[in-house]
Each structure stands twice: as structure tokens, then as C-alpha cells.
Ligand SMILES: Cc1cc2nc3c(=O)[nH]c(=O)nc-3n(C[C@H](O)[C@H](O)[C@H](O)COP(=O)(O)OP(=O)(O)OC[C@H]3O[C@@H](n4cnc5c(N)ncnc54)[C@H](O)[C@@H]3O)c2cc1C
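One chain comes next, on its own, written as C-alpha cells: the form predicted on its own.
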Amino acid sequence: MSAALAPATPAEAAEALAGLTARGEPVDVRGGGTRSARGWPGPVAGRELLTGGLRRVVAHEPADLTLTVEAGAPVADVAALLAAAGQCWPQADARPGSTVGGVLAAAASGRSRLRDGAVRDSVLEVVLATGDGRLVTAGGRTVKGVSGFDIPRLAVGSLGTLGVIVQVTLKLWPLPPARGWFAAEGALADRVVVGEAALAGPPRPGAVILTPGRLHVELTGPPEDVRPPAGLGPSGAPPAPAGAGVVEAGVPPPAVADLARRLEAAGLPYEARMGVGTCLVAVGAAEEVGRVRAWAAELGGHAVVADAPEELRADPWGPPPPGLAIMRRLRAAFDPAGILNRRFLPWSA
């Protein structure tokens, strides 16, 4: 079991990282731990840095639709605070126990990405504690404009390998007055036709999702816009694909239906997001991980193991990405001693 560090302020987090760098001690960073089953299998680092003590709401400006909050704040608490003001953070894909920093480190965008954008687009400012103990503030609380490194976008999805997100300013949205899910069953070709019609709108959908045998559409907005699209009826939200592990594939949006066809032929549970190009696939064996990755590559995409036990993570990332050399240089700039979250690095098998 690793020894835990639990800073209560961003400055304490930076101080702890500076000490670890000085001693050359690797460290795993942990928020809510809801997306930790990824990366290379093997023993954890000897140290663990917990962000749960960083949970202050620094500033909520309802009139400006912004929230500045420390990264260990539970997303559920943030959602309750925002809901009381008639606002929300719609880009986040939160699980029970998720923290704000954890959602951002994992770039966990929700199903409404089609309408609301990716979760990285919601970050106006980020404060990052680098591996060697610097506190770097980037972006701005009211205006999103940068020169040089776009550090907020670098931090989102970096899985804590560049630094620890300790505070962020988020752009908020008004809570929609109405929302609803609608669904239809049928052959894949028929569902794709109905889905493409929903994508064309109006109204603009929040999500258009293919699952085995079904099409799901989410609408949000004024009540008059939340009515069943042609060919669909009221339903609940689709369940997430269930399996021992989950692979996340990304393909060009026009190729989503082709990937869905292959997954249905193989009998694999999946959730393919039309218009976005992401697809979550439930897998139960390493061979299935390889098949999904091969199909995604054939369609011009990629696939990574997003959430799975160690036996399914022998190759969690697949082929090295084209920007690997740039990733190494960024890592060296933000974490010179290379202490942070080594198991999440593509090159550290």
C-alpha cells in the first residue's frame, strides 16, 4: 500500500510535489478514483497524492456564468450548488464520487458533447501544480485567450502526467428548462437514417446514440423543442455498455455507423455517439480489445482501454501516437524528474 499525501491547499500540493521531486519519489495522483482502472498494469507508486482536501469554492459568479473551484471538489456538490442558481456544467461526465479535477484530468466528456462541446471547452483558467512544485496559472477567469502553450487544454486529458490540477475556472450554462430522451428500434441502416435526420435538426439534439438494436436521441431546451422526433418515441436514457472492461474508440463521425455494424455483428455491447465519433465498447477479453482497436484503425481512428481490470490492460494505449516526441518534451518541461502518474504514460510499459 502506498503512503498518502493529502494537501489542503494548492500551495501544500506544490510543496509536496517539490519534495517528491527532490527525493526522486514517483507518485500516483488520485481524485475520486472513479477512473483509475486504466493505464499499464503493475504495482502502484510508493506515494499517493490525494486531492480530496482541495474542495473550496473560490468564486461563483452567476451573472458571469463562471465558477472557480478547487479540483478536489466533488462534482455532485458542484452540481447542487449550480442547480440552486439555475446553472450547470453540462460537459462533464461525472460518476458517483467524481471530483472536478478527476473529470478534467480524464477529459471525461458527457453524452451531450454533440450540443455542449467537449469538457476541455468549459475550462477558462487552470492552476496546475507541476511535478517539480511550481504553481502555474494559465488562461483567464473571464476571457479565454492564450499565447504559447494552451495549458488548460494541455492539462485536460493529461491524466495528471504534466501536473496536478489544483484549481479551475469553469464556464457554466443555464439549466435547460426541459429535456427528454427518445428512442426507436430497427435495423441498423434504418436507425442510421433516423439518426442522421435528428442530427440535421431542428432542434439541435444533445445526443444521438446508437446501441445494439436501438437509436437514442436526447433533446434539451424550451419545452416546445423537446418533442419526439419523427420515428422515435419517449424513452429513458440508454444504459452504459456493461462488461468486464470498456474500450473507448474514436473514429471520424461519418464512420460511426460502420463501426457500429462491426460491433453488432460481433455481439459486443456498445454506445456509439453519432456526430461526435466516440464509441464506448464493453469487452470481456484481451482479444476483444484488439479487435475493436483494429476496426477503429481501419476506419481512421484509434482505441484505448478506458476502464478495465489489469488482465485487459496488457496494451492499454495501442500504437504510439504521432505526437509522442512532443508529449515527451512537454512531460520534461512540466515534470522534469518524471515522478507523476508513470503508469499513464504511453511509453512507460
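Owing to the predicted nature of the structure, the values given are computational and were not obtained by experimental measurement. Residue indices: 1-based, along the sequence shown.
Separately, the form predicted in complex with the named molecule exists; it is not shown, and the next lines address it.
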Which listed residue (163, 195, 152, 205) meets the criterion of a heavy atom within 4.5 Å of the named molecule in the model of the complex?
163
Which residue, 126, 106, 272, 215, is the contact with the named molecule in the model of the complex, using a 4.5 Å heavy atom cutoff?
106
Is there any non-hydrogen atom of residue 71 lying within 4.5 Å of the named molecule in the model of the complex?
yes
Looking at the partner-bound form in the model of the complex, is residue 278 within 4.5 Å of the named molecule by any heavy atom?
no
Taking heavy atoms and a 4.5 Å cut-off, does residue 288 contact the named molecule in the model of the complex?
no
With the cut-off set at 4.5 Å between non-hydrogen atoms, does residue 95 touch the named molecule in the model of the complex?
yes
Where, among 260-268, 178-186, 215-223, 86-94, do residues come within 4.5 Å of the named molecule in the model of the complex by heavy atom distance?
86-94
Partner contacts for 236-252, taking the named molecule in the model of the complex and a 4.5 Å heavy atom cut-off
246
Assert for residue 93-residue 106 (C-alpha, 3 Å or more) in the model of the complex vs reference form: pair farther
Work out the direction of the Cα-Cα change for residue 248 and residue 93 in the model of the complex: closer or farther than in this form? It's 3 angstroms or more.
farther
